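Quick heads-up: it's one chain on its own, the form predicted on its own, in structure tokens.
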Amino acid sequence: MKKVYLETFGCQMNVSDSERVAAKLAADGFEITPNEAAADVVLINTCSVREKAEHKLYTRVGQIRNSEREKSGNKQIVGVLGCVAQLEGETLFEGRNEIDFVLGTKAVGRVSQAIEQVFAGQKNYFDLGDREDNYDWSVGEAQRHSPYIAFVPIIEGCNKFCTYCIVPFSRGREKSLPASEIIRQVLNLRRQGVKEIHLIGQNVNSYRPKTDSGLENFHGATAFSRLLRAVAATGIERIKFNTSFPRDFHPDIVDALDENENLCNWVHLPVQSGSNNILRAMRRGHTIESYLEKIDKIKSASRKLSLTTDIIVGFPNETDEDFFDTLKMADYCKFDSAFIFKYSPRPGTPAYSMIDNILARNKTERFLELEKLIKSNQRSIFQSYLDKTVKVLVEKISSKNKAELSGHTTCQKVVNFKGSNKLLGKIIEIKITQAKTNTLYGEICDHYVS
């Protein structure tokens, strides 16, 4: 039995891909191992969103090829998967004898075939083809990143073509999975004891299946809001979704959250900038006024919805006034947290031809100023949880303190607390006693929901 070590970089979609790769390999007789040195095959599932992704890949492959195992003459097969593989294809073989095969983002279902071809002696094997019609999107418990939480892809690809983003080129056009298949997966996960699912995609609320099969009995202004209500009707205890695109965020999504308690009170809605000038240059397709209307709808929900976002600073031609608009927007929205990025040009994107004319030190200054504002609002929000009781899905032993357990609230806050390992996988009530920058701390209530 050949052993495979699988390493994953990037977003939830990449993690989900890796889970299905592991499931496919296990079904085909391979053993997934956490020990890189013991593996016959090393797979690297790559992300292309951040800068220098290809360089980082070669650095990682170089580390593998210079390992003690390789020096002893016991060569490993190295395969590259994911977005860098899709974008670079055959060029990853040029001038190097380090990578054995390359699989694109939609070819991962043929990973066993690729490995077998290399073992049979084929050099520079690559497959950038389309996904099989009968591709299996399900993942067994043994391959999931958590026994209690599961990712359920509902849409892949992107049609938005924001000028800074490589995803439409690495993931292809939007393609929605049939609602009936999504519901089947959720029901199966519920039977397996999964407590929380994440409906995932590059833009989940752009969901548009070819037919309404599975959604006929559910109302809603959009296919996505009908899907939310259909998934809620399965009775699974928690449902989260990520990531939403502002232009496709219909107010009815908030209504669906209000109507169904198991639709969790968290919305991730990337704004990217508070300036209309920059939003136009980014080709985001929304104005800051339309974005704030959606924020007002979210803030008016009958229960408090946690709000998170993504913001880029230092986009080409961003003036001080543009950045000030971003600060105003962030203070108005009062995000629970935000992922802030300093703009860096990505080859292959429309913005790559723009002059990157914001000095590095100015990008850093803007990053730090925005981060200070975001963290100030975040501290106030986290402090508001003191002495409150929240429901936490107990997921694991804390990585920072082995005497504590760790889990998430419905609003996607990390909570650490002392407790028995027997609580793993349960949803319990925690009274919050301390709030730090990114984490809440608490004590188990006398009575908790199991």
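Computed from a predicted structure; not experimentally measured. Residue indices: 1-based, along the sequence shown.
Below, we turn to the form predicted in complex with a small molecule, even though it does not appear here.
Using a 4.5 angstroms heavy atom cutoff to the small molecule in the predicted bound form, all of Arg50, Thr243 and Ser344 count as contacting. Partner proximity in the predicted bound form, defined as non-hydrogen atoms within 4.5 angstroms of the small molecule, places exactly one of 220 to 228, 300 to 308, 268 to 276, 374 to 382 at the interface: 268 to 276. Only one of the listed residues (Ala114, Ile99, Ile312, Leu215) places a non-hydrogen atom within 4.5 angstroms of the small molecule in the predicted bound form, and that residue is Ile312. Of the residues Arg144, Lys294, Arg284, Lys106, just one reaches the small molecule in the predicted bound form with a heavy atom at 4.5 Å or closer; this is Arg284. Contact annotation for Ala179: none of its heavy atoms lies within 4.5 Å of the small molecule in the predicted bound form.
Though the partner is left out of this view, Asn203 does reach within 4.5 Å of the small molecule in the predicted bound form, counting heavy atoms only.
Contact annotation: Tyr164 falls within 4.5 Å of the small molecule in the predicted bound form, judged by heavy atom distances.
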